[in-house]
Ligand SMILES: Cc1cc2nc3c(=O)[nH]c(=O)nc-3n(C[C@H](O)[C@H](O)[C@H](O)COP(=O)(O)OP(=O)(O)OC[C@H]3O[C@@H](n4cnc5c(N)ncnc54)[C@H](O)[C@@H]3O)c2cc1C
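Quick heads-up: it's one chain on its own, the form predicted on its own, in structure tokens.
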Amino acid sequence: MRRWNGWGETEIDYPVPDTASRYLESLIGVGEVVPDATLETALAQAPASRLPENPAYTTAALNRLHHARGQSLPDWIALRHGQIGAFPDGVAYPQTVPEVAELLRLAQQKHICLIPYGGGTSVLGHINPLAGERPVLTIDMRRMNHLLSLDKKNHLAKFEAGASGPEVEASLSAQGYTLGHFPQSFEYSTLGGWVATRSSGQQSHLYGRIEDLFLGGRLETFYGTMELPPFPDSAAGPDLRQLVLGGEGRIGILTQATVRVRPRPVFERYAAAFFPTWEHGLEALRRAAQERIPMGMLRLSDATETETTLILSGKKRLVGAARGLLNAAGYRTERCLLVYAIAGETRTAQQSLSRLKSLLVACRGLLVGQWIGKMWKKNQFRTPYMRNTLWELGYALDTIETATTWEQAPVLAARVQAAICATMEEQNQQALAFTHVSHIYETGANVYTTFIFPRAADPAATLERWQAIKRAASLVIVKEGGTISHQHGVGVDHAPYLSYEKSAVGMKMLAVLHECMDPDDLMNPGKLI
């Protein structure tokens, strides 16, 4: 059963050793452990629905609670303390395109706000109803989850947009294909959600980001159906797919998506290397990207993330052996861990692996074989469960992500971390912040910073700490020329900073588009812009 107030399935945990607890205590102090509110307490807050009875949706309190919040830290604070705030007034579970179209007609007639809902994994408030006088209907797309067609000759697959990551891969794998899109939320997030937020998977260097994979689809709007044919390419004016990619449900609801697929790789190898410094590792990543070595993934952790990862892993014997090896090699306080993956046809993949290893060694990388890589692969979708564990120990965890040029990446990482720690120090508190790079391009890379800080006894105080950190880090990002979002979209939390990237004219263009397509502001209002 899926947790209603945290991440993942109730029967899955991510325990951390006592050494990890002591490590956090030594760096950032002891957090407040406050008992969670019960499900009954949360349900009691659900107000009466403002929607009339209709067989097209349910107004049951439990369904509405399950669709009231996503997975952002503010969502966690609200759910764990039973302070939900706004609830949707109803939840619809369409199974066909005509049912979605009918819900749009109903919304227009009755002046109902609509929120498209995929897997509920948003970390930026995309799926949260906002307080207001108008009723809100959440449209849960997860029953529209089928593979509609697979064109093996042209490597095209058409899916209903509510298909989750495992459903997409299971359908394709049965016929020898893969989409190759593996975000950390893979187990729950949906194809439609990936498109709506411009998602990036963990092996995007090999398979591409979702904008590289999304070739067309079907969008239901208040003006009717918008068909986006999957041409190989086109010079016929602006690419209207770009209005859907990152659109966050503001102009319509994506019901079908045609994506580029490829045969499943016959060779796959996960391995690891260490570098003496962060700068050595970044240089290796830059060269690998610019030399266009075909690879699945390169994930480089800075020294603090490397140390924290080793401690939180709980693999005491393996960690001891790794430290002994690294110390003997002279890789001490600034050592950084790189996990990498190569996949594809056997011969070409092995050639790529050989090229990559040579490059890593040339940049002072210490190759340590496959054991760390295999461990990372095994836990790649279990890591989010650590949020549950840390919360129960009295700590809150969240992330800030951006992308910038190679020259700016180390500067931006350092300044974001400094802003997070300084913000907590202003409140006489401490935070632990660390960074990794996991998506690389010829012109730059993403910078993905995780931070952990002690919870307060008062949920409002915990939220205030997060808000101060988020504001300080976001201002650093836009000041230093990074994108406000590399892979999570905009939602509510990033909306105040979007104009730094889009400019006043760009924001006016977006506003005019949404006013045209949705003059009554019914489609996911308050999100994106």
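Remember, predicted model here, so these are calculated numbers, not experimental data. One rule holds for the numbers: they count along the sequence shown, beginning at 1.
There is another form of the same protein, the form predicted together with the named molecule; it is not shown, and what comes next is about it.
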4.5 Å heavy atom contact, S185 and the named molecule in the model of the complex: yes
Contact test in the model of the complex: T308 vs the named molecule, heavy atoms, 4.5 Å: no
4.5 Å heavy atom contact, S49 to the named molecule in the model of the complex: no
Any non-hydrogen atom of V123 within 4.5 angstroms of the named molecule in the model of the complex: yes
Selected contact from P74, P135, P384, G296, since only one has a non-hydrogen atom within 4.5 angstroms of the named molecule in the model of the complex: P384
Interface segment, criterion being heavy atoms within 4.5 Å of the named molecule in the model of the complex, picked from 166-174, 410-418, 188-196, 234-242: 188-196
Candidate spot G281, T435 and T483, all three touching the named molecule in the model of the complex (heavy atom, 4.5 Å): no
Contacts with the named molecule in the model of the complex - residues in 224-252 whose heavy atoms fall within 4.5 Å: E248, G249, G252
